[in-house]
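Read the single chain below, which is given as structure tokens and is the form predicted on its own.
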């Protein structure tokens, strides 16, 4: 595990440890520009934003920050998958979200991060200091509006997660999870199926509030019913989206 994956205070060469402080702006973000927090910016505005960033390539299973750490930075994902989670006093873990290309995270809550952020797959991450980003938000109205819209979207997602954990059955939770990943693909202009499952079954269980056994059993059950296909362990084919949607809403079989 890398203790400080973004520690660049010692003026080391930009290419060392995977850092690329001089990369062309948003070179790796073209496919997610419309859903990224820098979406809708002009080229000149993107260059200004890029001048305030630090860019790094990280392997899987790297912790960017922990719950309670001082929230000095905001992050954006150029590629890869991350998970956000909270730990209970008895050591139990609740994953509160999976993040993908184009997602922003790290907004402060009372000066500290509200969760731990860890890479699920190798990822390319951009980091911005809160101070610099706040300045740019004041200078670039489009950036302010985009970040506000993403914050509202995150609030809506949190409310959906509360419903999922509080009222839905195991089968409804798994169906909702698969449909959410499918919608994400459509938002990026990609085919809605198959969906990639880069996270482990244990991660999915901790996100859905289920046991690993229940998650695996539910996937198998949906496959036997012909609703989904499982060509590989990390991909799910949505064979009958209509039935899957009915299940997620509690009206299906």
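Predicted, not measured: the structure shown is a model, and the values here were computed from it. Numbering follows the first chain given and starts at 1.
Omitted from view is the form predicted together with the DNA, to which the following refers.
Enquirer: To verify the annotation, which of these, 192, 63, 200, 42, has a non-hydrogen atom within 4.5 Å of the DNA in the model of the complex?
Expert: For this set of options, the contacting one is 200.
Enquirer: With a cut-off of 4.5 Å between heavy atoms, is residue 213 one of the residues that contacts the DNA in the model of the complex?
Expert: Within the cut-off, so yes.
Enquirer: So, residue 233 and the DNA: in the model of the complex, are they within 4.5 Å at any heavy atom pair?
Expert: Residue 233: yes, in contact with the DNA in the model of the complex.
Enquirer: Determine whether any heavy atom of residue 47 comes within 4.5 Å of a heavy atom of the DNA in the model of the complex, and answer yes or no.
Expert: Result no; residue 47 lies far from the DNA in the model of the complex.
Enquirer: With the partner left out here, check for me: in the model of the complex, does some heavy atom of residue 188 sit within 4.5 Å of the DNA?
Expert: Taking the distances in the model of the complex, the answer for residue 188 is no, it never comes within 4.5 Å of the DNA.
Enquirer: Kindly indicate whether 170, 209 and 217 are, all three, within 4.5 angstroms of the DNA in the model of the complex, using heavy atoms.
Expert: Result yes, every residue of the spot touches the DNA.
Enquirer: Want to guess which of 201-209, 180-188, 50-58, 65-73 is within 4.5 Å of the DNA in the model of the complex, heavy atoms only?
Expert: It is the stretch 201-209.
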